[in-house]
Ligand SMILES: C[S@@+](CC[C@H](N)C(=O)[O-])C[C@H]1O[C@@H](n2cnc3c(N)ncnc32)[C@H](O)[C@@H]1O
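In the form predicted on its own, a lone chain appears below as C-alpha cells.
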C-alpha cells in the first residue's frame, strides 16, 4: 500500500484532533501509517482515503472507536514514575483526612472519591487503590470509590478485568505488594476482589462533558494534556478544576503544568512531585 500523502495526513490529523484532542504534528505521518495500516488491511480497503470515507460514513461510530483504540497511546505500568503515588500516600491523603475528621459525626465513614481520568489498561487505577489501602489500612472508616475512565474501548475493558500477565506485573509491582493484592489467575495475576470492587470503569472521552461525575477529592489526569493542542488543553484543565472538591487535589504528569493556563489552582510540592489545589482561603471543609 502506498504511503500516506500530505493531503491524507491533513485530513487524518483533523479527524484525530476532533475525536481525541490529540494534536499530531507533520512529522507524525509514520505513526498514522503504523497504527492504521493493519486496520486498512483487515477491512480489505484500497488505502487511507478509503478508510477515512468509511469512518465519516459510519453512523454507528464503531469504526471511529477502532481508530481511537489504535491511535491512542496505551503506555503504562504499575506505580509509573512512583513519586505521585508516594505523594498520594504520604501527603495528599493525610492532609485530606485531617481536614475532614471534624466534619463528620463519630462513627460515620469519611468519603474519598478519586478519579483516574485516563486510566488506560488499569495499572494506574490499581496503583492508586493499593496506595490508598497501604496508607489507610482498615478501610471500614472510609467510603472509598475510584472512577476509572479512558477513551479506548479495549483499554477500559482490559482494566475492568483486572488480570495481568507476569511481564506487566514485573513493570513496577513489588513482590510484597503482589502477594498482598493479587491472586494467581489465567497464567497471570488477578487483582483481589476487595480492591477491584472499589473501582467503577467507564469509557469516556475527556473532550466530552464530565461535570456529572464530580466532585472528586483526588484527580489523576497524567500524561494527557501533553498530547493536546493548546485550546483543548486549556478547556480540559478548566473542566477538571470544576469537578475538583474545594479541598481536592489534582495530579498531572511530570512534564505537565497548569502554569499559564489561567487556572486558579496553586502548585504544591512534595519531594519530586507537584499537585494542584485551590488556595487555602478558598478551602471549605
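Numbering follows the first chain given and starts at 1. Keep in mind the model is a prediction, meaning the values are calculated, not measured.
Quick note: we don't show the form predicted together with the ligand, though the next part is all about it.
Even though the ligand is not shown here, does it sit in the predicted complex so that 103, 108 and 142 each have a heavy atom within 4.5 Å? Per the other structure, none of 103, 108 and 142 touch the ligand.
Of the options 204, 189, 158, 181, which one has a non-hydrogen atom that comes within 4.5 Å of the ligand in the predicted complex? Filtering the options by heavy-atom distance leaves 204.
The ligand: the contacting residue among 196, 80, 113, 91 in the predicted complex [heavy atom, 4.5 Å]: Result of the distance check: 80.
Please pick out the stretch from 132-140, 146-154, 173-181, 95-103 that is in contact with the ligand in the predicted complex, where contact means heavy atoms within 4.5 Å. It is 146-154 that comes within 4.5 Å of the partner.
Can you tell me if residue 49 lies within 4.5 angstroms of the ligand in the predicted complex, counting non-hydrogen atoms only? Answer no; every heavy atom of residue 49 is more than 4.5 Å from the ligand in the predicted complex.
So in the predicted complex, does any heavy atom of residue 72 sit within 4.5 Å of the ligand? Although the ligand is absent here, residue 72 would touch it in the predicted complex, with heavy atoms inside 4.5 Å.
Taking the ligand as it sits in the predicted complex, is residue 224 near enough to touch it, meaning that at least one heavy atom pair lies within 4.5 angstroms? Contact with the ligand, yes.
Do residue 24 and the ligand come within 4.5 Å of each other in the predicted complex, heavy atoms counted? Residue-level check for residue 24: no, no contact with the ligand.
Contacts with the ligand in the predicted complex - residues in 121-142 whose heavy atoms fall within 4.5 Å: Residue within 4.5 Å: 124 only.
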